[in-house]
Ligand SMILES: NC(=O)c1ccc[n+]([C@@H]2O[C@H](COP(=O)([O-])OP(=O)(O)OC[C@H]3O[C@@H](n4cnc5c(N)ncnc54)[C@H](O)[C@@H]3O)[C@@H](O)[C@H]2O)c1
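Taking the form predicted alone, here's one chain by itself in structure tokens.
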């Protein structure tokens, strides 16, 4: 399969790298071209990968390179225009998250892919995190989620707020795990160092009664990527960064101290050792397990899955509709944050920095 990458910035560089790695591994893919309007970056990409680099998607398509598929890693506001042109040209497309800038644009992309019989996969790479892949088959009935995604500040992705930049990964995963329509959203967010919201806290209630709390920050002093959720008599903790899963099953009564540690998410190895008699074994009424996790780079796993869907003409692991639904929830959260800011008189927080 011959593939191209639209956008050679922070995300696009990784797509270029992985496609070339897959090509070098003899996995039936060839990196054929890229699109990058910025001249210096285009020249660097052309030299590094020995491929033609075009200033626009139209130029790429006019070159008639017999392309089969493409990645879209341009700024979010350009997702719709670029992906539409590629889909209309008969290519299968992997679009970095979020799928589009607006719900109307996302709906148009979903409809266009269906009409043209093309595969459209949103780039929710945390769905391919080995820890998530290990947990998904073991789901029972999640009823309470706590998601924390914190990053130190970087100047990338400032065209969107922290909800579309970071939180959307967790929104997508929780929507998939909860498998229920959203009933209510309450959110608060503030800009700190950029003109857009940099830190947000969100509570989502689903029709099933499931509740999820999300915290996302791109102005933290530490990097945290964690999700924990509770099912009947069971607690599951996922550390995305470590690609690690811990499952605690309550088989009987446990101590109040241990219950508080579990409920508060304080269930690292040291804490468990202290509360279970120095690591001699699980406390009475408690069983611990760590499902086997096969390590891997989530982006590479995502792109391999996309290429497999293209080859086999099958529904991708993350569907365009799921990308659209994650965007819909993100936009609802943005509206809730704006309403909260108006109620609380926080307009001065959103004034341009001097």
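Just so it is clear, the structure is predicted and the values come from calculations on it, not from any experiment. Numbering follows the first chain given and starts at 1.
Although not depicted, the form predicted together with this ligand is the subject of the following passage.
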Which listed residue (318, 327, 303, 35) meets the criterion of a heavy atom within 4.5 Å of this ligand in the model of the complex? 35
Consider the chain as shown here, without its partner, and state which of 82, 134, 150, 188 has a heavy atom within 4.5 Å of this ligand in the model of the complex. 82
Contact flag, residue 96 vs this ligand in the model of the complex, heavy atom cut 4.5 Å: yes
Would residue 3 count as touching this ligand in the model of the complex under a 4.5 Å heavy atom rule? no
Do residue 73 and this ligand share at least one heavy atom pair within 4.5 Å in the model of the complex? yes
Looking in the model of the complex, any heavy atom of residue 218 within 4.5 Å of this ligand? no
Could you tell me which stretch in 309-317, 36-44, 22-30, 59-67 has residues with non-hydrogen atoms within 4.5 Å of this ligand in the model of the complex? 36-44
In sequence order, which positions of 1-27 have a non-hydrogen atom within 4.5 Å of this ligand in the model of the complex? 6, 7, 8, 9, 10, 11, 12
